[in-house]
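Here you get one chain, nothing else, as structure tokens; it is the form predicted alone.
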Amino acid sequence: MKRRSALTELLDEEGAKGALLAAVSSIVVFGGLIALVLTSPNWEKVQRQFFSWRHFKAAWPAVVDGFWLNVELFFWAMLTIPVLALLIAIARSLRGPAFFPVRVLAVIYTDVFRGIPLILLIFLLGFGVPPLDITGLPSDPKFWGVTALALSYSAYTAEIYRSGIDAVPESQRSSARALGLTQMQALRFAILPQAIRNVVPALMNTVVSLQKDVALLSVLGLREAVRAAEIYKGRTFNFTAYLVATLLFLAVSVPLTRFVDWYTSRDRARRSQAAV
């Protein structure tokens, strides 16, 4: 007992020293950065342009209203992307010569939409398709903005799904087929449940990226948070509205990121315990 208590005291002492060192180093680093900014020659001008409390309060209502549109667009994209990506991943995972054309189409899809920068895809669909005035196709920029996000992100997400499918041991597929399951039944009941569980942390990181990339749809003229900030800046020649939009995005992305880190750590711990 004495040895254990001595060891515990030593660990506590080392932990206290580490915490103290971390606190001191953080104060020095962040304090130095703040001092560097505040003592710069043009700080007062920058403060008036980017950190004006008066403009912050004036821009807040319009930017917040625009941010709700960001949330709406993010919601619709999140409904579409996982389903479309899973279908593409399944198409690429089908075996046998009869499914060769399906696999080729899935490969072409992922290659094309992963190769086109998202901003270009938004321009092409948002400004290129509505002028065609094709019967049955909507001209709403919100529709084409979400479509561009879905097409681009589903190509990346499909590869995440496929990596999870490929990580499942081949014996699982063979066992399912030996039980008399068809290829689709084996995927549905044996392969996909394991694959999706394995790639959830990677999928959640994609969600964080998508939440930020919704702001790119402002190029279509949608009055979301970034567009509302740009309108305010154009009217007042003050950039504080961009700070408002930045804080709103951080208010969503930071908790999401922390949740992803927590879930990833928990998943890693669960796998370590299962391995033992």
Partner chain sequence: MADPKLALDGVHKAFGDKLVLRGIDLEVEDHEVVCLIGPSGCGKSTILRCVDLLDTIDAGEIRLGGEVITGRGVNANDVRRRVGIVFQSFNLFAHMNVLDNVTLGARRALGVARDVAEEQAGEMLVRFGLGDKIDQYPDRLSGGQQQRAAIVRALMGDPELLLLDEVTSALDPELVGEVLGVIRELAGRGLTMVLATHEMGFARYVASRVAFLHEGRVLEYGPPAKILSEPEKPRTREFLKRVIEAGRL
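Positions refer to the first chain, counted from 1. Remember, predicted model here, so these are calculated numbers, not experimental data.
The same protein has a further form, the form predicted together with the partner chain, not shown here; the description that follows concerns it.
Annotated contacts: 40, 42 and 50 are all free of the partner chain in the predicted complex [non-hydrogen atom within 4.5 angstroms]. Stretch 193-201 is the answer when you ask which of 156-164, 120-128, 71-79, 193-201 has residues with heavy atoms within 4.5 Å of the partner chain in the predicted complex. With the partner omitted here, the residue from 136, 96, 180, 115 that has a non-hydrogen atom within 4.5 angstroms of the partner chain in the predicted complex is 180. Using a 4.5 angstroms threshold between heavy atoms, residue 176 counts as touching the partner chain in the predicted complex.
The partner chain is not shown here, but in the predicted complex it comes within 4.5 Å of a heavy atom of residue 189.
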